[in-house]
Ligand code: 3UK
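One chain follows as structure tokens, the form predicted alone.
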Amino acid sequence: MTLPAGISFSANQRVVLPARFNVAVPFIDRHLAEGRGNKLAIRTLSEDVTYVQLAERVNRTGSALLALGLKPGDRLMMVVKDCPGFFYLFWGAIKAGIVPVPPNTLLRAADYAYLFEDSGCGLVVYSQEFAAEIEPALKQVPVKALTVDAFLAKMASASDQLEARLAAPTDDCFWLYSSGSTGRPKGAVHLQRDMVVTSELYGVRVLGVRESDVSYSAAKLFFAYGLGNGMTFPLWTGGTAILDDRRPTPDTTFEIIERFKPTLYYGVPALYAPQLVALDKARRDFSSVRACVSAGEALPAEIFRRWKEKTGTIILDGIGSTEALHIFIANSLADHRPGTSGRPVPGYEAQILDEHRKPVAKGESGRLWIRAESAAKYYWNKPEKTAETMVDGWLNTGDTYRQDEDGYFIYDGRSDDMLKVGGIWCSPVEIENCLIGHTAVLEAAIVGQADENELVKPKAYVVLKPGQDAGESLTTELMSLCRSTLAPYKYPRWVEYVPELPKTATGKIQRFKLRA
């Protein structure tokens, strides 16, 4: 693929951009000039959208946002399912100089209230499916809000002419919220250049995404991972994106693959595992797929082996982060080793350091640090966390890694107590606080434990109040409490009752002893 006019990469893989530009132009507008107007940009179960329709609706969206009173630099909170409207809002905001903020759509009302207040957003646009959580949050933190359908009605009558608001490559462009160790999300502020970097360096040069590709990501667009897979990579190359707003299951994903014939499929280990169970019962047609990708959590080598045996395709595992925007260490079709995250993506630097920030010997474990042009500039309203995570141009990933003798990076676990469940960060403190809310529970501690597919899920260690009896009925009650109170992926899959929890002299729970 030829790079868009005015954009190039230097010999050391650093992006060269115009001093003033708007990233919506190379991702959206240029396809009309390059003759792709009638090509399908988006396909769903209910509608198709061409590049000319996409460009027009992006313009109308930007015009409608400005007409609603948003100004350049204002934040647009978009709690939107995977649908064409997500594309319109995201790119329309960017083209108008407004900052889109797409959060996790699986959160609860209290989480959204915090996000509305923390971001200072000027407008919330949300899919009706999420009204049960969004509308109570709006009562706690009043913000102007519209459903997606109501917004699209306004968009339809807005001007289809919109001048791109120019910015520097290092100006703020969009935010993605990343979970924190206390459970409070952190707004990672990304720049105009960041999507260009990830789309070209990983998407094109490692994964080999091209104009003829049809991309389907089971990982949703609100993930940094899904945002690249399902939107920026196909738009960067002039390909086609397949969107499905349903919760991904083996049946829904196989249905999409067989109907739309994607060439690239993006999943997470927590989905590949049940897909394999389903494939044990019936064969499915994967003939269109030339490569599968995994991220979010480490892919067990056994899942790689079984997937290749069942489908004839391989899964390319990699590690990325919200802060780095997408994958920065990866396996590729030409160079892959099961059970590893692969090697650094060209243009990205990685180092494994000890607690004194000194390099460890090959084969030894340490903290993974990376340097990337796609890295977020800072965390919104979190100067201390920014200083701790973003140091001298390097990102502290919080992950423990080691390198094998051939230079492949191997994941050894989380450097703190955060868990990754189904590819989404999860705070143990939040789950513990929920469990303690039950009248029978005195104390609780959450750690990660591998299930039968070697995927990490929360396990609860519970100390009961005197006179309370452990049993299956109480376990069911505790799981139900977490499932109804927290985002559904956070509930503990196991509950073990113990007489006391291991603690430090100052009373902090020693989760590492429970993990052992």
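The structure presented is a predicted model; accordingly, all values stated were derived computationally and were not measured. Note that residue numbering follows the sequence shown and begins at 1.
The following text describes the form predicted in complex with this ligand, which does not appear among the structures shown.
Open item on the list: Looking at 430 to 438, 145 to 153, 291 to 299, 160 to 168, which stretch has residues with any non-hydrogen atom within 4.5 Å of this ligand in the predicted complex?
Closed with: Correct option: 291 to 299.
Task: Answer option from Ile134, Ile98, Leu325, Val125, heavy atom within 4.5 Å of this ligand in the predicted complex - done: Looking at the other structure, the residue within range turns out to be Leu325.
Task: One residue of Gly320, Gly92, Pro262, Pro234 in contact with this ligand, assessed in the predicted complex (non-hydrogen atom, 4.5 angstroms) - done: It is Gly320 that has a heavy atom within 4.5 Å of the partner.
Open item on the list: Would you classify Ser341 as touching this ligand in the predicted complex, given a 4.5 Å non-hydrogen atom cut-off?
Closed with: Flag for Ser341 set to yes.
- [ ] Could you confirm whether Asp82 comes within 4.5 Å of this ligand in the predicted complex, counting heavy atoms only?
- [x] Output for Asp82 is no: heavy atoms all beyond 4.5 Å of this ligand.
Open item on the list: Is it the case that Arg337, even though its partner is missing from this view, gets within 4.5 Å of this ligand in the predicted complex, heavy atoms only?
Closed with: Contact with this ligand, no.
Open item on the list: Arg414 versus this ligand, in the predicted complex: is there a non-hydrogen atom within 4.5 Å?
Closed with: Answer yes; at least one heavy atom of Arg414 falls within 4.5 Å of this ligand in the predicted complex.
Task: 4.5 Å heavy atom contact with this ligand in the predicted complex for all of Ala224, Thr397 and Tyr401 - done: Affirmative, all three are within 4.5 Å.
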